[in-house]
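What follows is a single chain, given as structure tokens, in the form predicted alone.
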């Protein structure tokens, strides 16, 4: 059994959220440059230039890429041979969030109750998803999720008879209805299968996959490309002002489901798609 001190977890979470809010991931930057070279709209090109410049300035000056520094989403794969020493794991994570949002002077957007709506003052609690896996390590993935894009996400319990075309239509319609609200160009995470809540978690998990990486199954690799082409043919474009760059990528995650159902979830993130990860 390997022992890991909670202080190391807190320190790691702190660092990851600081990095995620300051530094655009290299795969996203490369995709922005790729689509900038292909964009046909003059306005779209100008917007993409500004997005790229903003990301560079944020990284150099260590300022937030976006003023909405989000609600903190954390995925943790906990090795079953790990023993946490000190605080409870959840508290260790929330301490890291508190420290990052204080030290970085990040906007604190979390409220204590969805209806009473009093700010918690430290951007906690984080939304944490745990998976118990083999081994003696902890894999931590973090995402400061802005709500301009989160509010545009959707889930639908399709009928099995809706099939592939039903999935495609729902994903494309969700993006179409979102329009300019999620600050396109966007990245689209799609979760298919499981139950209602499993599909939603899969769709968010999909956003951590590197842009440009291929799905391990050819069927879903083709579906990702089909969806991306359909979405970019909508003409929404950068910031909703027209163009071919509505989405930088579509990532799909799937899970077995009941023969009577076809759950599909769409989680949208803006062009920054802030996320970082580390293994302890």
Partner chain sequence: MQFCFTVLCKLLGMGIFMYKKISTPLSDSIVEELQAGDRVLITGRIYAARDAAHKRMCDALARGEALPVELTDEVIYYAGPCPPKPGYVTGPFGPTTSGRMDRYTPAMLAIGLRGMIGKGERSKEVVEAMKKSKAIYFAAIGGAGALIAAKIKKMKVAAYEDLGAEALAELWVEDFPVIVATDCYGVSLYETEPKKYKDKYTELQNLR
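This structure is a prediction, so every number in the text was calculated from the model and none was measured. Residue numbers count along the first chain shown, from 1.
What comes next is about the form predicted together with the partner chain, which is not displayed.
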| query | finding |
| --- | --- |
| Heavy atom contact within 4.5 Å of the partner chain in the model of the complex, the stretch among 156-164, 106-114, 186-194, 126-134 | 106-114 |
| Contact test in the model of the complex: residue 214 vs the partner chain, heavy atoms, 4.5 Å | no |
| The partner chain contact in the model of the complex: residue 30, any heavy atom under 4.5 Å | no |
| Residue 234 within 4.5 Å of the partner chain in the model of the complex, heavy atoms | yes |
| 4.5 angstroms heavy atom contact with the partner chain in the model of the complex for residue 254 | no |
| All of 14, 84 and 279 with a heavy atom within 4.5 Å of the partner chain in the model of the complex | no |
| Contact set, 237-254 vs the partner chain in the model of the complex - heavy atom within 4.5 angstroms | 239, 240, 241, 242, 243, 244 |
